[in-house]
Ligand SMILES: Cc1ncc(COP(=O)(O)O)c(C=O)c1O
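This document starts with one chain, in the form predicted on its own, laid out as structure tokens.
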Amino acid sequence: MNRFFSKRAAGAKRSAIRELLKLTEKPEIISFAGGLPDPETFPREELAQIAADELRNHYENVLQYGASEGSLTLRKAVSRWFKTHGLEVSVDEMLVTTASQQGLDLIGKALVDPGDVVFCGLPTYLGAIQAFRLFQADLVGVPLEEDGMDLNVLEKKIAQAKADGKRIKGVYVIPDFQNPTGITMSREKRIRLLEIARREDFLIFEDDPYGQLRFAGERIPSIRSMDTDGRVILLFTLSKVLSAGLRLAILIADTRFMDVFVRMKQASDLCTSKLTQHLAARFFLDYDMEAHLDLLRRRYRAKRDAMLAALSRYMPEDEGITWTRPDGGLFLWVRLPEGIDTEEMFPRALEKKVAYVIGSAFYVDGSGRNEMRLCYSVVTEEKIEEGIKRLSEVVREELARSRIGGFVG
């Protein structure tokens, strides 16, 4: 049977996160694993009213095929909304995709040839690793600092790639509340990254799932908003701010790229659902998106605060255990002492009925084995407290086990 599969399919791996999630589906397990938005934030009543009207009165439009570029109504609505947030984007620079994962897939299809270098964070979003690896990109990891990617290391790796005769295609970044770490790239680094990209003539793939979920600190402009020569391709998803089930995102690129992206999308699915596009468009047009976002920010801030407080309360002290303190988004990142392997620890965490995502899943070089991602968005504050208490017990046991193992060795 294997002889029928393409080389690309043979090299594709299942998502480590999706596989782990299968193990966390039991209701008694408190899961910090899946990066899911809180379902209580979904504007279900508003979407239900919109859906009823669209299906009854506009069925001939919303139940039909649509343009590959996406609904003009949605693109216009989002373009106007972007403008209020300091981002000037024309409808001709927008392509509606079936969630951001399709956008990553289209970038890979349209822009990446086997062996092309794409730089990314150490760690970075697993879905991007999957998408770029499917198209046989040479993924080169760059360590993260507290204010984003270490650009000094990036420049060294650029020089090395050039010396090796490799073609550099771009850098993939999540500047705001990065998945998985929650780290935000500083304004200074965003400007410098653009300068490096111009000098070395490569693209920037800017992924923005969480930028609207800032609940502390000052807003930092997107890299795309600073771009003057059309080298930043921006992905904006509605999964985290409206509903993941709508499966809607917008790929924003200079019009010089748009024709090839449209052709790649047509080969994939012809068009994204007009029904879900019009649900989203009507929400932008008929309701107060900013008030809705304020609700999300308050809710997620309370949950982040609950997790940070629980970590401070229960995690062992003076063991070199650290965690990030994000100003927005859905995640924080925990680093345990060297020698603790969160993948080996995972079954023991499940025995305590708590789950997380192993750190190595987010590293293109296989490192990060002593790290883990915790998602605070979908769990109640009460369960956050209990879950972190359970997780801390697991960590204490792992520390004791490592000491014994080290002594015996």
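Here the structure is a predicted model, which means the values were calculated and not measured. Position 1 is the first residue in the sequence shown; the rest follow in order.
The form predicted together with this ligand exists for this protein as well; it is not shown, and the discussion that follows is about that form.
With the partner omitted from this view, the residue of Ser222, Thr237, Gln212, Thr73 that lies near this ligand in the predicted bound form is Thr237 [heavy atom within 4.5 Å]. Only one of the listed residues (Val78, Ile174, Val118, Leu279) places a non-hydrogen atom within 4.5 angstroms of this ligand in the predicted bound form, and that residue is Ile174. Proximity to this ligand in the predicted bound form, taken as heavy atoms within 4.5 Å, picks out 201-209 from the listed stretches 109-117, 201-209, 150-158, 318-326. Residue contact with this ligand in the predicted bound form: Ala99 places a heavy atom within 4.5 Å of it. Taking the partner from the other structure, this ligand in the predicted bound form has no heavy atom within 4.5 Å of any heavy atom of Phe284. Proximity of Arg247 to this ligand in the predicted bound form falls within the 4.5 Å heavy atom cutoff. In the predicted bound form, this ligand sits within 4.5 Å of a heavy atom belonging to Asn179. Counting a residue when any of its non-hydrogen atoms is within 4.5 Å of this ligand in the predicted bound form, there are no hits in 74-92.
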